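Below you'll find only one chain, the form predicted alone, shown as structure tokens.
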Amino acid sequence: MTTTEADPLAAFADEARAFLDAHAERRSTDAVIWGKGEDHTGYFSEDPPEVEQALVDQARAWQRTRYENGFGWITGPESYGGRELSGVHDLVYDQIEAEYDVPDTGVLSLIGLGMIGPTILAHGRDEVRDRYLPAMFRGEVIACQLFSEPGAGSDLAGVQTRASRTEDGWVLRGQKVWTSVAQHAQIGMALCRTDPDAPKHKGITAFLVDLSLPGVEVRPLRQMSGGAEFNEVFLTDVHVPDDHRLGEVNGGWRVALTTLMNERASVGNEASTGVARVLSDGFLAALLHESGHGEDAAARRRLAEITADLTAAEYLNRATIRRLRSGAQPGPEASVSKLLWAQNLTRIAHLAAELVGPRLTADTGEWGTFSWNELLLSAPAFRILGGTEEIMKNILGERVLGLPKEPS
């Protein structure tokens, strides 16, 4: 019996390591040395546009390398360049790739490949799938999510952007907001109201919008951390062909649920991204010592509590992987993971701010001080994006603890 027949997952892991050994360098496993390496703790980019564009180009190139070597869409259909393997194979690859120094592909993967791609596959027509899916997973097309509006965020069913039927398609009019990566995207998935007289969850239709069409305007929003990763997107008489409709007319809520399920899983798994470096035991212990609080019993106790909660969240994610390995369907774990991730990130940001003290407010050039400002100012976003904490707690209460639902 060959290795592949005896343990297909182990054979896949060997194949992934061989690919990565050939195309990337392994990350250093040296212990944390305070004052060495990148002095950056924020989640959102604060880079100038030319640097940000260079990083996007690197992400596209690495995604293309993955795709050409069979790791660009591990779970996808073979007809679109995928391998039709399981979600567990996807997780195994992510864990192995984290051992290597490769470009961050979050601009493509978090929303486009992680949420919009699966939604197009589930609800798009053949011509739309053929046009966009291979291009997305080759890194050529970036997709964004046109969901939130000035008056509809957590209450997503309250969207007011209108789509009106024409002879050959639809005309979209409205405004979207808090749209991540729209400044780099070629397409967006929009939820629009198509029947204002229907109950709000039933009068919505989903569309795929080419962002190069006349009438589409993307305006950056400057966040309090200094960067501009979010955008407003204005849709003024934008003509969208009917074959770019996802799902049935007035069936957009079902399409949106496909996207949202993938969104919470993606956000809850943010520990695999670059910011995870500052959440490591070694980095936080070094911060405690270098800030002069190594013997501060209260600070040590708080750090121990956070470390315990990070460990609990990690074990929750491992339990989810075991459920997937056994063939079970994902449960509410993704929502709970997202809730824990946001709360732990916020607690770490506040503890770091207290340890660093006044050095947080002015950039003196001292390594490991002012940079915590980035995390402190970006952490609040995680308590809102991908569903607010109140929504995550409702899911926890109703689906895990069995509490009665809130009155509608």
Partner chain sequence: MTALDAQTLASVRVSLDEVLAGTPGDLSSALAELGWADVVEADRETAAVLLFGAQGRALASTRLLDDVVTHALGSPEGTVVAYAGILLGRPEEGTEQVVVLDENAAAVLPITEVSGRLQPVRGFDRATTWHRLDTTASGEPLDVSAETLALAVAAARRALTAEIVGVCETALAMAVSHTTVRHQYGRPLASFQAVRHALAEAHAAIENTRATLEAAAVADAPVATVARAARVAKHRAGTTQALVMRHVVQVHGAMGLTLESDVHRAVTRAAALDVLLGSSRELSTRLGLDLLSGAPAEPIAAI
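Residue numbers count along the first chain shown, from 1. Everything numeric here is computed off the predicted structure, so don't read it as measured data. So that the term is clear: the rigid core is the largest set of C-alpha atoms that superpose within 1.5 Å between two forms.
The form predicted together with the partner chain exists for this protein as well; it is not shown, and the discussion that follows is about that form.
Which of these residues, L213, V171, L316, A228, gets a heavy atom within 4.5 Å of the partner chain in the model of the complex? Selected residue: L316.
Exactly one residue in V128, A152, L91, L110 has a non-hydrogen atom within 4.5 Å of the partner chain in the model of the complex; which is it? In short, L91.
Even though the partner chain is not shown here, does it sit in the model of the complex so that A61, H184 and D197 each have a heavy atom within 4.5 Å? No residue of the spot touches the partner chain in the model of the complex.
Using a 4.5 Å heavy atom cut-off, state whether S79 contacts the partner chain in the model of the complex. No, S79 stays farther than 4.5 Å from the partner chain in the model of the complex.
Would L339 show up as a contact with the partner chain in the model of the complex if we use heavy atoms at 4.5 Å? So L339 counts as contacting the partner chain.
4.5 Å heavy atom contact, D14 to the partner chain in the model of the complex: Taking the distances in the model of the complex, the answer for D14 is no, it never comes within 4.5 Å of the partner chain.
Closest heavy atom of E305 to the partner chain in the model of the complex, within 4.5 Å or not? E305 belongs to the contact set for the partner chain.
Spot the stretch among 296-304, 219-227, 174-182, 233-241 with residues whose non-hydrogen atoms come within 4.5 Å of the partner chain in the model of the complex. Every other range fails; the passing one is 296-304.
Which residues from 367-404 come close to the partner chain in the model of the complex, meaning a heavy atom within 4.5 Å? Contacting residues: E390, K393, N394, L396, G397, E398, V400, L401, L403, P404.
Any CA movement of 2 Å or more for R399 between this form and the one not shown, core superposed? Shift at R399: 2 Å or more after core fit.
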